[in-house]
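The data below hold one chain only, encoded as structure tokens and taken in the form predicted alone.
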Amino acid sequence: MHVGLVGLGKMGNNMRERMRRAGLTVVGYDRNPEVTDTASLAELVQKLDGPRVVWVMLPIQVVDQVIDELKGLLAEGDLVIDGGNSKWTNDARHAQSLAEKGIHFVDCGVSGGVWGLENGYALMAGGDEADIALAQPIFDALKPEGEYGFVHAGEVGAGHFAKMVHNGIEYGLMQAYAEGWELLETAQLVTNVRDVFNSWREGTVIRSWLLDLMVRALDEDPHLDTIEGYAADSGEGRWTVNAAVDLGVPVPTMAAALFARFTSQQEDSPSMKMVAAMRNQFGGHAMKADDGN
């Protein structure tokens, strides 16, 4: 199967490699000449066999522009997949616009961060059954080995909505772990905080990959001395809380975690050091050190 991949950043580049390892032919385009396979979107489209499938892995700020350009390059029966962290309310608009030329659209929430190349990506897709079936070899290549990791969540928009809620849950989990770390770190009674967390990785109800990453972060910096207590909030955290307000669904944990990130952006917060450390571990996010680097 031939796939066009637009956007070869931290995740896109690894996704290209994972698909190639699975035997798919991937033609990539990125503005960075060091990673791109083609010089333009037009060249990318020309190198694909029909029906052409183009996966867009870009920041939300440029998705509209790229989908509009693809609309002028693709033909009836082709498929565009938006795998970036786009807002779910934009998906119906993109699908409707592309449908004017008979081009199909699928939205896909992707989770896996910088570890996805080896571990696989959790994929949440929204769209028609036939479009999902056309893209299934791509989903199979990207998802983790085993039974789980991919879901056809529903109609167009469902994939990004599911990923949005996933990120809201992620906010809450990270905040709880981080507050627990701060409490243990502050209590003089506990002298080996790192090993306490390490002991929880087996046999407890709070074991998780995030907990594994916490211990990894503490191995690198036992007291997080080089990390500023600052954590950015992605759009999805805000969208989750806003959607909950619109639907009348109480999400106090997610809302509190979002507001904690707002607090971290105003002053150095000890618990936010751990949130920042975990984000760096799974997503490769840059951390602000005390020296300003």
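Numbering starts at 1 and runs along the sequence shown. Predicted model, so just to flag it, every value in this text is computed and none were measured. The term rigid core refers to the most C-alpha atoms you can superpose between the two forms while keeping them within 1.5 Å.
What comes next is about the form predicted together with a further copy of the same chain, which is not displayed.
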Check Asn90 for me: does it contact a further copy of the same chain in the model of the complex (non-hydrogen atoms, 4.5 angstroms)? no
Counting only non-hydrogen atoms and a 4.5 angstroms cut-off, does Arg18 reach a further copy of the same chain in the model of the complex? no
Ile227 near a further copy of the same chain in the model of the complex, any heavy atom under 4.5 Å? yes
Examine Val249 and determine whether its closest non-hydrogen atom to a further copy of the same chain in the model of the complex is within 4.5 angstroms. yes
Check Ala158, Val241 and Gln281: does every one of them have a heavy atom within 4.5 Å of a further copy of the same chain in the model of the complex? yes
What stretch, of 171-179, 128-136, 98-106, 74-82, brings heavy atoms to within 4.5 Å of a further copy of the same chain in the model of the complex? 171-179
Core-aligned C-alpha movement of Met15 between the shown form and the other one, 2 Å or more: no
